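In the form predicted on its own, a lone chain appears below as structure tokens.
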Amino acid sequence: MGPLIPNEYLSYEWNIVIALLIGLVFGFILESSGFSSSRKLAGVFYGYDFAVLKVFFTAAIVSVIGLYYMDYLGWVDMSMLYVHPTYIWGAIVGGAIMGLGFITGGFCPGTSLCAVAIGKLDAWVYVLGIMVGVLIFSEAFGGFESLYNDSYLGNITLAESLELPASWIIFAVTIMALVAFFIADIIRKRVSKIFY
């Protein structure tokens, strides 16, 4: 858990404690914000509630701007951050399957666990579906292996793959978010209000 553990301010064993605390706080905030409601989450696909779009888009932009400012101030070394490897076709197919599950079930994996914690039956069914999907994927991995491994692009960022300065990408994504928020508000006003 950087920068505390790599710089030996804390021992390695604190990783699990810090992760648990962050998870508890994140789950509490999700539940307090109403994100354990499948109707609220699915609202983004039906046009009556765009809170999910606005919250997660805002969180991504604030995070990336904050990280680059901390890098500029010398508080964070961006070259030390972990970049998840990109498997482009695996990501596209997996993203499509997850999106389909999100639309039909009304949860993403994180919010479904949050809803399970407060005893929502639909979330239990959703999480059971995730477990069945994981089992099928692991047992049939041989059939998916070429799709999974053949499109490996390495640990690249969007700025690296487009060969553009990161600041341009951040600016473009910020504009994209503002346009999305504007269009979302227009759609929400035109869709009949649904109470839940």
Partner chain sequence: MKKVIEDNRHVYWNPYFGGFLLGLLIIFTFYMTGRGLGASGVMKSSVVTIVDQVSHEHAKNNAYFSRFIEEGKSPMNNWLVFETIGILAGAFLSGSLAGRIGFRIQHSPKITSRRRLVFALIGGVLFGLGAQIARGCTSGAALSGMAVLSTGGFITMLAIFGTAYLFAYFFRKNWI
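If you superpose the two forms and keep the largest set of C-alpha atoms that fall within 1.5 Å, you have the rigid core. Residue numbers count along the first chain shown, from 1. Given the structure is predicted, the values throughout are model-derived calculations rather than measurements.
Keep in mind that the form predicted in complex with its partner chain is missing from the display, and what follows is about it.
Shown alone here, N15 lies within 4.5 Å of its partner chain in the predicted bound form, counting heavy atoms only. For the chain shown alone, I175 is not a contact residue for its partner chain in the predicted bound form, no non-hydrogen atom being within 4.5 angstroms. For G66, a non-hydrogen atom is located within 4.5 Å of its partner chain in the predicted bound form, even though that partner is not displayed. Not displayed here, its partner chain is kept clear of D71 by more than 4.5 Å at the level of heavy atoms in the predicted bound form.
If you take 95-119 and check each residue for a heavy atom within 4.5 Å of its partner chain in the predicted bound form, you get G95, A96, I97, M98, G99, L100, G101, F102, I103, T104, G105, G106, F107, C108, P109, G110, S112, L113, C114, V116, A117, I118, G119, in sequence order. Annotation: Cα of F181 displaced by less than 2 Å between the shown form and the other one, core superposition.
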